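Only one chain comes next, encoded as structure tokens, the form predicted alone.
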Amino acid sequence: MLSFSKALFLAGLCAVDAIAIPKNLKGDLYDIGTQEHLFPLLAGSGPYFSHPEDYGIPIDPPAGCEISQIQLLARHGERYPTKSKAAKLFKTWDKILNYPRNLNGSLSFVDEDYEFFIQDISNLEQETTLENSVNAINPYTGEMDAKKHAQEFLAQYGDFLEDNREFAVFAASSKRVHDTAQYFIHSLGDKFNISLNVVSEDPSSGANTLSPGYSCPAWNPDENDDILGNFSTDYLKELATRLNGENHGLNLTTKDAYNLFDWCAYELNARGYSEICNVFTPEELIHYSYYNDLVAYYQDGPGYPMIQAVGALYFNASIKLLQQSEQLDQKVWLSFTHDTDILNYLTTVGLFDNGKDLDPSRIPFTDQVFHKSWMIPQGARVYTQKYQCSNDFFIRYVVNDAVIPLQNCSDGPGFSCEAKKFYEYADQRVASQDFFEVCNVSSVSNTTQLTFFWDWNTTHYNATLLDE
């Protein structure tokens, strides 16, 4: 028997005549929702999920406290793979598709009317939607994620929004980022007066950007390759050997084995269920997940000292908004960008940094706080709450539906940090972190300041959208 939610969803499809119902509708109906336990292991490429460690702290402000400012930095929603990633996936898919005999074992599903999830290359780089999904019953589209997020935002901050119905929203100029912001705004309803500002990602934007990594010529993603090279790839060899053993002559390589994990994640975004996800053992998924933690840590996180300066650009702007909250008319600040930009920012804030570098020689199960996919899944969201209790102000962070206290400042109501102490903490985090200088931004731009939060109503940001 169908669940009520699935039956209701199907009933709504009757009104969407532009969407094709897949041949394997019944199978997908029962399979969708059975793979959500994999989301935390998919390195941020799969659908959104809440942070697994919420510490039991309510997201609502403590009793007797009232919100005085809300900031959001969010990632675009679920998407198709990038063009470069898709090229790798097609190579692996072609190898499996052109296998001259019947496929056995884990890959036997391919011979059972399976259709590869990338059916239109124009969808690459783009948000998954009800219209471009492989089937109409996919609950994990970026479109629906953004709309659901907006409804949760209304439910969480409805009272505060009653007096703050007019505000600007900011989006990086990638089309999928813009689309996420647009879906979010649309779902808020027509009682709000919202101005969507599209901020250019071009390096010439310099410091006036939501994507500082693009304006950082000094950033070198290969800086710590020697550290990453110490992580064992045996899990990929074992996966390829197992699949080749089931299908003699298939000749999957370790690169193909790695591609299967991306296939799993992006097919979930586009179809809602992925049979390739069932190929992996739990051990293989854990090794894959930790390897991507290592890459994120040493390329975009605390393991690369330059990153704190990159993240300081947005963090400094956030602090300035918090300090000016009583003077600014706008109390709601919503921004949308990419995963690495959020990760850079979180690195500077220091929420997921216990001072212990990730070890490439082993998986540190008991003392690891840095999990890439827990921080920046598709649709990731980082809220900064500022609230007033009596005559005092307090600040705390909510990351993917979980209150994450600052390690050394959490003795305020709701495990928050008293505003004065927070600003002192922030000063320490950004001390000597000059984004413009450290990143050698002058080689691509002479724009030294982030100003769009303060001059949007006169500058009217409307950058050209990029299909990337």
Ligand SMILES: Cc1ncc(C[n+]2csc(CCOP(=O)(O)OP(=O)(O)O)c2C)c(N)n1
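Quick caveat, the model's predicted, so the values are computed rather than measured. The numbering used is simple: start at 1 and walk along the sequence shown.
Heads up, the form predicted in complex with this ligand isn't pictured, but that's what we're talking about next.
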request  = Tell me, yes or no, whether H178 is in contact with this ligand in the predicted complex, where a contact means a heavy atom of each within 4.5 Å.
outcome  = no
ask   = Looking at the partner-bound form in the predicted complex, is E143 within 4.5 Å of this ligand by any heavy atom?
value = no
query = Does at least one non-hydrogen atom of T340 fall within 4.5 angstroms of this ligand in the predicted complex?
reply = yes
message = Given that this ligand is not shown alongside this chain, does A265 nevertheless sit within 4.5 Å of it in the predicted complex, heavy atom to heavy atom?
response = no
ask   = So which of W93, W333, Y214, F153 gets a non-hydrogen atom within 4.5 Å of this ligand in the predicted complex?
value = Y214
Option touching this ligand, based on a heavy atom within 4.5 Å in the predicted complex, out of I307, M375, L260, L210 = I307
key: Location of this ligand contact in the predicted complex, chosen stretch of 179-187, 340-348, 247-255, 116-124 [non-hydrogen atom, 4.5 Å]   = 340-348
request  = Give, in sequence order, every residue of 63-92 that has a heavy atom within 4.5 Å of this ligand in the predicted complex, or say none if there are no such residues.
outcome  = R75, H76, R79, T82
